[in-house]
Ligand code: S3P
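First, one chain by itself in structure tokens, the form predicted on its own.
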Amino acid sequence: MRAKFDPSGPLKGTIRPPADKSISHRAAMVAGMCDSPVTIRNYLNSQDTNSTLAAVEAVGAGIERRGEEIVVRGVGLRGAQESAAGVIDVGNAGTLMRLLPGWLAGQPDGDWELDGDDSIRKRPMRRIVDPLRQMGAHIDASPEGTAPICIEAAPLSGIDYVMPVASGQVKSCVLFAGLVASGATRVTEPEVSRDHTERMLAAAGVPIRREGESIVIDGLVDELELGTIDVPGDLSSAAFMIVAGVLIKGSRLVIKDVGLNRTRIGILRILERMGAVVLADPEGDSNEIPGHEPVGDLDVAATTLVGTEVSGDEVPLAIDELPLVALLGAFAEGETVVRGAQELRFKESDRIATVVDGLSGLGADIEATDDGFVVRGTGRLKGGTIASHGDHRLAMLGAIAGLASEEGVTVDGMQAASVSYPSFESDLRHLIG
């Protein structure tokens, strides 16, 4: 589907972004591990997260939709069943593909195969296969180290795992395995990554703790109990509206009920350095592992931008928003550099290559590096056509670029946005007025 986004006047108004995709995935999976029913409020209704509900149902959990709520009747920590349908189809959901094997690998019996679309089959899975094998898992990937993933239940033992690359998904996979492993499981991160899994497990009664750069579970947890989960708004989705509000003169937006977890607000810190006006009003937070997610409102206004540098230690805290940093850099004064972001090459698309190629085609002065990109700001973007490559974030990037451009942007493959933000175009129309 092709869609044209013309230059826009000021964006005005208030929106609530869709529910957080990362937290929705985790909520469904952890609820599936619980012994008592769990009510999830504000669960994201998207292609990716619906794949996770279907996968949890495939291993035996009951899923009931009650208006805006979803009730999950889980199978308990050790009650996952083989899928009657055979292969569990994860679709395009990388979070599902990387987290679910951690839980399934330590079940008392059963075997499972997880597969997905063409994009999933290009994403590296050895990063979860290797630590799970160290724990005793019987798990295989394709010869290329990608999906499909085949798992046979086996007893697991806790390990001390030092992650070579910071990844909330890999960390979560190992922690899920630690729930059903004998002995302690310790995961050490090179840099802090998103901590939604730790918070949710703490809320479910798991004795999980942070020790310096490590997260520790003592092993052989008896049961999980959550009751109700409230999913906050997704900052990664809201970031597209934030950037539009920052770039388009005269704009003033309020974005309500956004998750402001400290491990997700890297984009707000980058915007602040670039001179943007984005005021956050969060609840209190902590450096420990509390059982809740801080939520607040954002007040956004257009501004003049200056270039900045994003280093490797910031990347895990803004990994999904870095394509937007490239767009901001095109309009900023001076040079914007992103380093240490090689992980972008293993997303739904190679986001270094696709972002650089896409924005270059729209008139940006941008070049790729091995681990990021360099943008020389010109204060403008001409416009043209950009392909989404089936990547939801690239589709939305093109739309925002069109609003801020001189001639507009046609996005080829705009339907990809529904993976994470089904109401993206209608919310944008509301703000344009």
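All residue numbers are counted from 1 along the displayed sequence. Worth saying up front: this structure is predicted, and the values here are computed from it rather than measured.
Omitted from view is the form predicted in complex with this ligand, to which the following refers.
Check: Pick from S83, S119, T95, N261: which residue has any heavy atom within 4.5 angstroms of this ligand in the predicted complex?
Finding: When this ligand is considered in the predicted complex, the option within 4.5 Å is T95.
Note to self: Only one of M274, A166, I265, A141 gets a heavy atom within 4.5 Å of this ligand in the predicted complex. Which one?
What the structure shows: Of M274, A166, I265, A141, the residue with a heavy atom within 4.5 Å of this ligand in the predicted complex is A166.
Note to self: Within 4.5 Å, heavy atoms only: does I319 come near this ligand in the predicted complex?
What the structure shows: Residue-level check for I319: yes, a contact with this ligand.
Margin query: Residue-level contact is defined here as any heavy atom of the residue lying within 4.5 Å of this ligand in the predicted complex; does K347 satisfy this criterion?
Written below: Output for K347 is yes: heavy atoms within 4.5 Å of this ligand.
Next item on the list: Give a yes or no for S420: in the predicted complex, does one of its heavy atoms lie within 4.5 Å of a heavy atom belonging to this ligand?
Entry: Contact check for S420: no, nothing within 4.5 Å of this ligand in the predicted complex.
Margin query: Taking 4.5 angstroms as the heavy atom distance cut-off, pick the stretch from 128 to 136, 167 to 175, 68 to 76, 108 to 116 that is near this ligand in the predicted complex.
Written below: That would be stretch 167 to 175.
Note to self: Given a 4.5 Å distance limit between heavy atoms, list every residue of 176 to 207 close to this ligand in the predicted complex, or none if there are none.
What the structure shows: The stretch 176 to 207, when checked against this ligand in the predicted complex, contributes only R194 at the 4.5 Å heavy-atom cut-off.
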